[in-house]
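Presented below, as structure tokens, is a lone chain in the form predicted on its own.
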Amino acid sequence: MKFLSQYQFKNGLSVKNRVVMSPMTTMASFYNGMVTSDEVAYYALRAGGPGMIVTGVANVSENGKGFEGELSVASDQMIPGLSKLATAIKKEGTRGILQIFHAGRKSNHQVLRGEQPVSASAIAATYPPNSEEPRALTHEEILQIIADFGQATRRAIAAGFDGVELHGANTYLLQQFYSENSNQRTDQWGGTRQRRLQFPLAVIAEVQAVVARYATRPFVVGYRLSPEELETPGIRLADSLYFVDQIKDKVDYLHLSMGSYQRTSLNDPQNTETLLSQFAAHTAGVIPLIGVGSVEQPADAEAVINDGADFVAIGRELLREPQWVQKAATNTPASIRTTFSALDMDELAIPGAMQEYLRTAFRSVMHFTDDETAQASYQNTLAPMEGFEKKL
């Protein structure tokens, strides 16, 4: 099986297989973003099998926090806890990647302790309907956030991670600057598509400069992006493919964010090719691509690789079955747990707050044994974490 083969990045980082544990929100950090023992236990149970584990998001700035229970990498105080997390993840050669972000307008004054959210422009998000209007960032504040991404990367290196993943998907700040929906600035940071690209390009450049300065071992920089937005105006597939072409020689891997690896365009019903294959046409031979979405059985993982991806990310299935990779490697797919009871979640070291949102927002795709109307995948709709919940 191709997804069990080794891989080596151009900078020399070796990975024992092509399986990646998707970044999933645990909501298990302390109020200030410090790592808890619940988080360490959750990742430790799933370590050892995947070639890489990407953590749930960690905010790089205090005003970049998007929800309660979120990891933080915004100060040096976080390094000891992040070191424990990195050590737990890197069991038996698994590589640990810290996902970093700024939530931008996908936050609110309660999460930010009374402060107004910030974004590229003072335009509220479409989803959820009660989203707060953000304050437009000043030029100086934009430069500070770029620096914050760099300092977060320095801390990830110090904590022992093998890389960082810039979360430019799911309508967070990096995506907000690229989207015509959320960025209607008229200065150097907005306007044309090329100017809307300047913020993510500046973040990538700063992060890579920090890696060059501080990393003493191979350290990768990945980028996650969403293929499309449903809002009008908004990012369309052509915009995302253009984006990929602009950054594919500047980062070490690209990671798609979507709920089904079989998804086709949600905006253009005439485009019947999988999104994965269309991105692969732009990345093949240049940069590794991570495909993702409703991968449950080894045959799904192999299909992702055959459709052009270099890695396959698995999320919900690793919640149900922490030994998924080991069982695939021993050719015992019948033993892979594809359904589970809510009563199993403590045994599976799933933190309490995470259990709650799995029972609610994600219930239809978790395959609980007492759910008779489970949805098979997110092939024809964006998942809640993708930023716009709408059935098509």
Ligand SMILES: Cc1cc2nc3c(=O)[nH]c(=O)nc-3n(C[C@H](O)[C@H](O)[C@H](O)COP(=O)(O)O)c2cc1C
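Note that residue numbering begins at 1 and tracks the sequence as displayed. The shown structure was predicted, so the numbers you read here are calculated from the model rather than taken from an experiment.
Just so it is clear, the following notes concern the form predicted together with the ligand, a form of the same protein that is not shown.
Each of Arg18, Ile97 and Leu289 within 4.5 Å of the ligand in the predicted complex, by any heavy atom, yes or no?
The answer is no; none of Arg18, Ile97 and Leu289 reaches the ligand.
Quick check on Arg316: any heavy atom within 4.5 Å of the ligand in the predicted complex?
Arg316: yes, in contact with the ligand in the predicted complex.
Contact with the ligand in the predicted complex for Asn170, defined as at least one heavy atom pair within 4.5 Å: yes or no?
Within the cut-off, so yes.
With the partner left out of view, is Val325 within 4.5 angstroms of the ligand in the predicted complex by any non-hydrogen atom?
Looking in the predicted complex, residue contacts with the ligand do not include Val325, since no heavy atom lies within 4.5 Å.
Indicate whether the ligand has at least one heavy atom within 4.5 Å of a heavy atom of Thr25 in the predicted complex.
Yes, Thr25 lies within 4.5 Å of the ligand in the predicted complex.
Identify which of Pro200, Gly163, Pro298, Gly293 has a heavy atom within 4.5 Å of the ligand in the predicted complex; exactly one of them does.
In short, Gly293.
Any idea which of 33 to 41, 50 to 58, 340 to 348, 326 to 334 reaches within 4.5 Å of the ligand in the predicted complex, heavy atoms considered?
Correct option: 50 to 58.
Pick out the residues of 332 to 358 whose heavy atoms come within 4.5 Å of the ligand in the predicted complex.
The stretch touches the partner through Met354, Tyr357, Leu358.
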